[in-house]
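There is one chain below, alone, in structure tokens, taken in the form predicted alone.
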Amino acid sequence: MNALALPTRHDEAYRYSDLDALAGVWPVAREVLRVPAGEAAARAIVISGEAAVARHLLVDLAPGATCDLSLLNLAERFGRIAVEVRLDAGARFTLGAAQIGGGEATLEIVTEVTHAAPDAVSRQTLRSVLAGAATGSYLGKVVVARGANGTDAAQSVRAMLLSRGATANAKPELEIEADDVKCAHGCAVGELDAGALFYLASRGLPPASAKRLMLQAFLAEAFAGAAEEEALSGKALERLEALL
């Protein structure tokens, strides 16, 4: 595909995208983050507002390097964050991401994490809260290259739907070409637990407060331990308040 050509539905990474909105920000510039051997980096990306936004980040981790990446997608119309990661021997990559949308927003996080050498570790945690007619998508691929023994990779993907019109799409994917590896992924889409809401209400908590508390705890899983955990959680809570 020509690098400047607008993707179509046939391009897997854009299967659920809002192509009309994407056309307004295409092509998307690549942002590069290289972490030298043995060093550590942390970065947080927040998307918000009414304008369509698309970001594409390339992360290259040298041997023994560490990167903690936090993503918060709050776009009110269209927000897309794509991340490509390459891990060298003994590198470690951690992703904590959350998407919160209402109205007719289209939110996307797309990742491809390549374990190119032995003994690298990756962890991806994604949480989505969707209301109205919003659509939230996560496409996450983990590639374990031939010879990348000792790989340890995990993905945890969960989405919470607050209305019948909201849609969550999730596709965690593993492509493994090595033998001695530990790879796992989990995915769930659902609604707030009615039993838990009833329990909180029976203890005197108003229904709206109970819902807010449960959603706050749900999203907190994405940013636990992040360098900007407090700031990210605060922004997420503000967006939740607007939806509830």
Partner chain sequence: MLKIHNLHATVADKPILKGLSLTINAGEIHAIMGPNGAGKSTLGYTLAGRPGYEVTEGAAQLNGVDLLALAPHERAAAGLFLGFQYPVEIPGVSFLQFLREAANAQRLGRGEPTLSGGAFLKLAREKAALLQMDMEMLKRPVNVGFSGGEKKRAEMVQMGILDPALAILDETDSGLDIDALRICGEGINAIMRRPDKAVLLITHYQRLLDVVRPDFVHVLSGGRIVRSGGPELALELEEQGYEAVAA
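Numbering follows the first chain given and starts at 1. Quantities reported herein were computed from a predicted structural model and do not represent experimental measurements.
A second form of this protein, the form predicted in complex with the partner chain, is not displayed here; the remarks below concern that form.
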* In terms of non-hydrogen atoms within 4.5 angstroms, which of the given stretches 208 to 216, 59 to 67, 172 to 180, 22 to 30 touches the partner chain in the model of the complex? -> 208 to 216
* Here the chain is shown alone; which of P36, G195, G186, G190 has a heavy atom within 4.5 Å of the partner chain in the model of the complex? -> G195
* Verify the contact flag for G49: yes if a non-hydrogen atom of it lies within 4.5 Å of a non-hydrogen atom of the partner chain in the model of the complex, no if not. => no
* Is L200 close to the partner chain in the model of the complex, meaning a heavy atom pair under 4.5 Å apart or at it? -> yes
